[in-house]
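One chain comes next, on its own, written as structure tokens: the form predicted alone.
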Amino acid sequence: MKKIPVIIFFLTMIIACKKNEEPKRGSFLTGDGVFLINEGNFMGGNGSLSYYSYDSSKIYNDLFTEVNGRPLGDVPNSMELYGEMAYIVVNNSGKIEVVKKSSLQSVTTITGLISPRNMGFVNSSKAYVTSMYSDSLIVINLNNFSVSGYINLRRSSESIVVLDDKAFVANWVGGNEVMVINTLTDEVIDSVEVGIEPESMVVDRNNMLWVLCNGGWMRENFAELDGINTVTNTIEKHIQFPTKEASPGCLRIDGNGETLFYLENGVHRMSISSQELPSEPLIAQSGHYYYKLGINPVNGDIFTTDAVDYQQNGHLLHYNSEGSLVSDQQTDIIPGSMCFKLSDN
């Protein structure tokens, strides 16, 4: 009978040691990795945030809820890091969740926004937020995390790129323009006519703005890739996709600003000096449905998401810079846009 307390004591010690060996919750956030926005089902309120750790090659799902004890919201669309903060734009909930980058603990919530989509930082005090269903660009005061004003675009907005004293804003839904904003005066100063539905934009090492226009969801127009001179606000490059059936999306660029990537039945790669589109994908889409794309700006690793049937959990696929699969991780529902957290970046 006296042996039982001794056995219990040793069992307790073993369990305690195992607990001490486990990493503390969120400790993986101190290392390099990729934040992943899971959109969830429309009107389902089940959007979530995941993090893929480079240290462990593992994914950690539903982190916002785990840390803050409440759901992220309905259809989060994008996430941006600035300083010590992370900004999660939640489209259908009409808000931006501001959290600490290192812990994901909530700092505040910016509410009352109309269908916010993407965020561009002008400086440490000001940011712009695009909107799918409003005809105005939202101005955010980063000092007190509030809406400080609006810029009347007279059309909806989607992708945004801030470069020096200009912001370039794409009119995606049914549009064919990139509007130019003077960030010093918060005024529209110009617009550039591009292809139908400019979906995504990047800037290369020469400060050329590349705009991927998907041609419209009805496939009535040819998709095209346009290069805009950001000094003169004029198109200097124009590359048309060969068929109207082409539906490219998710334009990205490497950390050197030299190589473009996009999705079109696989992952395609092309040099900014190329005069034509690549004939074959770098990574074939076989067995997957690629939804979003991300490029590690430090080592060139390629990440794609597979939304499967848009109802069940999806996948995050990690490839090296040459297109060889490194890891396939299960995500939450509809894994979408990515945000890289890198110490060397």
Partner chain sequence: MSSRTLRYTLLYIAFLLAYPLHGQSSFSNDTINIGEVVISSKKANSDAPGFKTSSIDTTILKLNSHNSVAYLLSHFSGVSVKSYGMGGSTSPSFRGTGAGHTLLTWNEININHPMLGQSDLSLIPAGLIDDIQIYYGGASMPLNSGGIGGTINLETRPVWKKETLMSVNPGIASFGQYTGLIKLRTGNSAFQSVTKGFFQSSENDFRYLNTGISNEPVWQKRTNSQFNQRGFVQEFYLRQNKSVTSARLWYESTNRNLPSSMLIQQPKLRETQSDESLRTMLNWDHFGGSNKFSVTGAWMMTKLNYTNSLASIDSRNNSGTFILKGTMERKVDAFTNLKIALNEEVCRINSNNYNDNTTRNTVSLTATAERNSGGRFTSLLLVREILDTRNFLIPDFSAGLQYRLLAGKEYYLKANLSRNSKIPSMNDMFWIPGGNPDLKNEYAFIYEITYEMNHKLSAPITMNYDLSLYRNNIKDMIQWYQGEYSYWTAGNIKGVNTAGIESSFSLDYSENSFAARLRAAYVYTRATTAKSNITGDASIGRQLIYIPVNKANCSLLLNYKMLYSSWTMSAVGKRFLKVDNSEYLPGYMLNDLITGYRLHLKGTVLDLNFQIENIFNVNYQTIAYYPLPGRSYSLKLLIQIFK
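Values in this document were obtained by computation on a predicted structure and should not be read as measured data. Positions refer to the first chain, counted from 1.
Beyond what is shown, the protein has a form predicted together with its partner chain; the following relates to that form.
When you look in the predicted complex, the only residue of I151, I114, I272, V203 with a non-hydrogen atom within 4.5 Å of its partner chain is I114. Distance criterion of 4.5 Å from any heavy atom to its partner chain in the predicted complex singles out S93 from the list S159, S93, S78, S156. Although the partner is absent here, D309 sits close enough that one of its heavy atoms falls within 4.5 Å of its partner chain in the predicted complex. Heavy atoms of N313 reach within 4.5 Å of its partner chain in the predicted complex, making it an interface residue.
Its partner chain in the predicted complex is not approached by D164, whose heavy atoms all lie more than 4.5 angstroms from it. Within 4.5 Å of some heavy atom of its partner chain in the predicted complex lies at least one heavy atom of N68. The stretch among 27-35, 301-309, 49-57, 316-324 whose residues place heavy atoms within 4.5 Å of its partner chain in the predicted complex is 301-309. Residue E245 is the only member of 242-257 with a non-hydrogen atom no more than 4.5 angstroms from its partner chain in the predicted complex.
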